[in-house]
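Only one chain comes next, encoded as structure tokens, the form predicted on its own.
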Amino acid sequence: MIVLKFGGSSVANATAMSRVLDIVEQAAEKDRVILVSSAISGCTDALIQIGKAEDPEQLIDALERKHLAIINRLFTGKERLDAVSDCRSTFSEVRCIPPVIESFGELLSTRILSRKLSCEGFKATWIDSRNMIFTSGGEVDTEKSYAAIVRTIYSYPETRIFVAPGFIARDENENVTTLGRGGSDYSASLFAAATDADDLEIWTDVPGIMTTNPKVVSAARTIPEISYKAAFDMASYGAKVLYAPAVAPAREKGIAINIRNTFDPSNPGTIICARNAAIGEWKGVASLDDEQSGTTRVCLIGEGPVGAKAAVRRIETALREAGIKPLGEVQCEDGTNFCISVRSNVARNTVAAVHREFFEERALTTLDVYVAGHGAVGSALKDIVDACGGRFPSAGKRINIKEISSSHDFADRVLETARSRSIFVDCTDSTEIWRKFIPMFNKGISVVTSNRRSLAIPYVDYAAIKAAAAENGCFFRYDTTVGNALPILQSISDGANCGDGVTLIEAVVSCTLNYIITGYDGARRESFATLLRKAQADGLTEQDPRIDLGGRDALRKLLILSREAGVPLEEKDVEIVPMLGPEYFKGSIEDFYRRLDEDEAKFVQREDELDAMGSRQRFVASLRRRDDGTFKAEIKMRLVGIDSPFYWISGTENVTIIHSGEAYPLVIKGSGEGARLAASGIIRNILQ
């Protein structure tokens, strides 16, 4: 069984009805058809007006002439006389002004269609929805309705095409009632569910469900496929192409709904079906007016696992850019829909702004990027950019990687060939590449670096680099030099520039040392030397791991943290107590590992002592403001208890605690290692 429903515009006149007949006849070649139709366009409103008029005769005559004009175009001879007689008979009932006068529009249109199909030689039968669809307490009694529909259909085994009026039903008191404006969609869905139809097609005057009302936004486009829930939400929030209650019967029976355009039958339209989006998808923007309050609720409809915080941020940005002040905060409903209330006089602009942000291609600013270092981070950076074609529409930008290289002279080549406004990205571990930064700024090239060696330089050079960037209108960003993609530097910078400033920074930021310290568990696991050898083999340490054990990496990061807090710290200002005693730093690496093996018993004993105390040891870098306003910087092993954020970290996790004038410190915790995380942080710096 195929169920086809046609809206008022689809049967508005004789020409439109002829198109409908062509569509129905093609469907009938495949299977039996139930044709459900609305009243002709404008008929229901005219009938309501007739019911309210003191002297409705002229209105009735005008509506009758409109139907007779359709009949005169579609029929000839005796068939025309019979159709005219049937039409006038129906209008004689209208002239009596029955209680539910608006129910007669569908009776008129479907009788014309049924008669024309019979004249074309089809076995067509008009069936009365008032005897098949029943309501109780204002709700459809599906069990009773389905039984009546099935009983009626099986009463006509020879019929190929059934024609049924939409919109109308009968209540529990046997009175004629309706299913609400748009109720013909509901009627069609009930017929489809009752007969377990293979197809349910709703034909209208638009090419399917669109991302928004095309009369409001000309850039609206058809949604090819949408879930039952998202389609229901679109309709509930104001999209008029589908009557919301129509979704439920089809959904319960798993029948897909196809929204089609009568005036463009070749267009596949929109399929509404059971689908689970693997990734978040945005489907459309709908709006619902509240005439009493003069406000409009604009809703962005999503499907699948969408990012709520990002969606709210984008909506707020779109409204701000459009100069629209909402009446409240963006509300997330059902985890996938985002609604905002605005004054009705700015509703169209609001819909346009949200649609533009989520559904329209915007001109993207192209950023030419040169990447130094084709190692793990550089490769991950290229992979991320390639995966999205370089496009980052939410930021309004496109990243164009001009070249990526590990060549020693790459920075010089960039200086010679790159245009102003390009971006140089340092993903190396070079200790000298920072010397090229000022010449790049002087040429108008901005710099993003994840290389902490480029910042752990004498303060006078660090300050000169920052000044050169500002003087040349370039940006110098390095958030990933400490804590990978964690927002540590930004948080410190914010704290330094607000209120009382930063008073204390405590940080476990050496991924290498933390991996070794938290991975060592005395006699219960691998020896300290074995664990360190493994970290060295995995590339987590310098070639000589004693550089890490001596706190060199932590020193570089503490210098960056301090300078971001506005403290001009130098290496000589930092007191470092290495993780191991001075005897371990003498001789060759082989001597070092041999001594570790010999002293394993001491390490095991120390672990046992820590366990007995309920403590753990962590290599902590700190910067503390003294009472006289000066700062003390130190890096050393510290015992921490269960109440410390440092106690719970493991592997390559980082924790930074920032104290300022606030009552509670800010604790930032997360992965401090990972090429892809670092690459993501670099991209964020590029796009900022």
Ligand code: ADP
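None of these values were measured; they are calculated from a predicted model. Numbers for residues come from their place in the sequence shown, where the first is 1.
We do not show the form predicted together with this ligand, though everything after this point is about it.
Discussion item. If the cut-off is 4.5 angstroms on heavy atoms, which of these, Ile209, Val298, Ala188, Ile272, is the one near this ligand in the predicted complex?
Written reply: Contact with this ligand in the predicted complex is made by Ile209 alone.
Worksheet item: Quick one: of Thr336, Thr204, Thr541, Ser114, which gets a non-hydrogen atom within 4.5 angstroms of this ligand in the predicted complex?
Response: The option sitting close enough to the partner is Thr204.
Worksheet entry | Candidate stretches 239-247, 382-390, 562-570, 612-620, one within 4.5 Å of this ligand in the predicted complex by heavy atom | Result for this chain: 239-247.
Worksheet item: Is Gly254 a contact residue for this ligand in the predicted complex, using a 4.5 Å heavy atom cut-off?
Response: The answer is no: Gly254 has no heavy atom within 4.5 Å of this ligand.
Item to complete: State yes or no: in the predicted complex, is some non-hydrogen atom of Asn213 no more than 4.5 angstroms from a non-hydrogen atom of this ligand?
Response: Within the cut-off, so yes.
Worksheet item: Any of the heavy atoms of Gly8 lying within 4.5 Å of this ligand in the predicted complex?
Response: Result yes; Gly8 sits at the interface with this ligand in the predicted complex.
Worksheet entry | Contact flag, Met234 vs this ligand in the predicted complex, heavy atom cut 4.5 Å | Residue-level check for Met234: yes, a contact with this ligand.
Worksheet item: Since the partner is left out here, which residues of 465-479 would have a heavy atom within 4.5 Å of this ligand in the predicted complex?
Response: Contacts from 465-479: none.
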